[in-house]
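Single chain ahead, written as structure tokens, the form predicted alone.
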Amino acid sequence: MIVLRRSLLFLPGNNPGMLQNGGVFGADGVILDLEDAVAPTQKDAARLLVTQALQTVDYENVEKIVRVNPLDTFGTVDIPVIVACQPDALLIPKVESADDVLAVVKLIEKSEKIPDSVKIIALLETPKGIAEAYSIAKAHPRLVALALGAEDYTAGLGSKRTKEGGEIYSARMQVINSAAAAGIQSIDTPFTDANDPVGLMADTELAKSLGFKGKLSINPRQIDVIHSVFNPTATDIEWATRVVAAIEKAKAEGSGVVSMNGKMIDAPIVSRAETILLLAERLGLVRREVR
């Protein structure tokens, strides 16, 4: 089954109201944040709030992800406590090597109640992390996605962060290509102006066109816009249905050559069509007959 990660919404780990209501915002996943949203003096209190939320709040089918702190700060304290509360995944900040992933895996294994149940999403937000993207992506089977953190990345480059995003184009492609090569998902950096839905729409459309499978979000108001971009359109579904029908007809007739509207249908086109239909089925937009 496809795990939807069109939108992953950050919730400050020191905000009880946001943690309590995280399941009602409509995001595919919520990220209970113990890192940037929490001052060093509030880390212990936030960690306690997040553990309570994981144990008492019903997030229903929303993926529960916790962004822990880096291992060289509070991460080694966060991970055992959080993993014991059975989140769906950990978001690991500032990952720069496969060894960083393996170190996290060792900590998870010591506290995990159900073997292999806690997944990992690696947040790449340094020039070194981007350079090592593929080795990170294939570091361990627990890794289900790479995410891009563009604010810290551009600070590391010494470049100005812009809404147009030209300064992060190569990093975006490195993350997308590395994740695809490793068979995992790629998640785009958040659009940080919560009061600019037009800019968010343009940035999300660019992310989807490049190949990202979802986008980080900093505000519940961004969720609908993000989903409107990543959801397959009626035109997408109609095209995919025709492609699959053409393939099935060719197979039934024993034909090795398939075309539609004069264009050859090859394996990558079929794969794209199947992915669109699987996503549409997952969202309840279409129902296919079981053969």
Partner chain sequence: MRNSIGREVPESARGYGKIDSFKGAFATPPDMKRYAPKVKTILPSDNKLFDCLEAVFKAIPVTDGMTLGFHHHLRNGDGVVNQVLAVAAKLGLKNLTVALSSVFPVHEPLIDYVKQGVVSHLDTNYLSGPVARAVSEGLFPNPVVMRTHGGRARAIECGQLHIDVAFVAAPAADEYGNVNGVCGPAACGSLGYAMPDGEYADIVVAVTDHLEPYPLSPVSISQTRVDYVVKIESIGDPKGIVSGTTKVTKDPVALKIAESAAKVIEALDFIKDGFSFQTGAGGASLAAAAFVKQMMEDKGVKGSFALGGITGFMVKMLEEGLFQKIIDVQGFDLEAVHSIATNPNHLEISAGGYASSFNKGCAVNKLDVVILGATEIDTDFNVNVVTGSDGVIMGGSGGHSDAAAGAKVTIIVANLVRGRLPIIVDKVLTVTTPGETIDVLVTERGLAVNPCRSDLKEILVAKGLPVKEIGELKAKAEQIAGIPKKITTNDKIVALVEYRDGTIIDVVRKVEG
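Being a predicted model, the structure only gives us computed values, none of them experimental. Residue numbers count along the first chain shown, from 1.
The same protein also exists as the form predicted in complex with its partner chain; that form is not shown, yet it is the one meant from here on.
Peer 1: For the three residues Glu205, His227 and Leu285, verify that every one has a non-hydrogen atom within 4.5 Å of its partner chain in the predicted bound form; reply yes or no.
Peer 2: Per the other structure, none of Glu205, His227 and Leu285 touch its partner chain.
Peer 1: In the predicted bound form, which of the listed residues (Gly165, Gly75, Pro220, Pro190) lies with a heavy atom within 4.5 Å of its partner chain?
Peer 2: Going through each option in turn, the one that passes is Pro220.
Peer 1: Please identify the residue among Asp44, Asp266, Glu253, Glu60 with any heavy atom within 4.5 Å of its partner chain in the predicted bound form.
Peer 2: In short, Glu60.
Peer 1: Residue-level question: is Leu277 within 4.5 Å of its partner chain in the predicted bound form, judged on heavy atoms?
Peer 2: No, Leu277 sits far enough from its partner chain in the predicted bound form that none of its heavy atoms falls within 4.5 Å.
Peer 1: So in the predicted bound form, is its partner chain close enough to Phe25 to count as touching (4.5 Å, heavy atoms)?
Peer 2: So Phe25 counts as contacting its partner chain.
Peer 1: Does the 4.5 Å heavy atom contact test between Ala273 and its partner chain in the predicted bound form come out positive?
Peer 2: Contact with its partner chain, no.
Peer 1: Counting only heavy atoms, which residues in 3-20 are within 4.5 Å of its partner chain in the predicted bound form?
Peer 2: Contacts from 3-20: Met18, Gln20.
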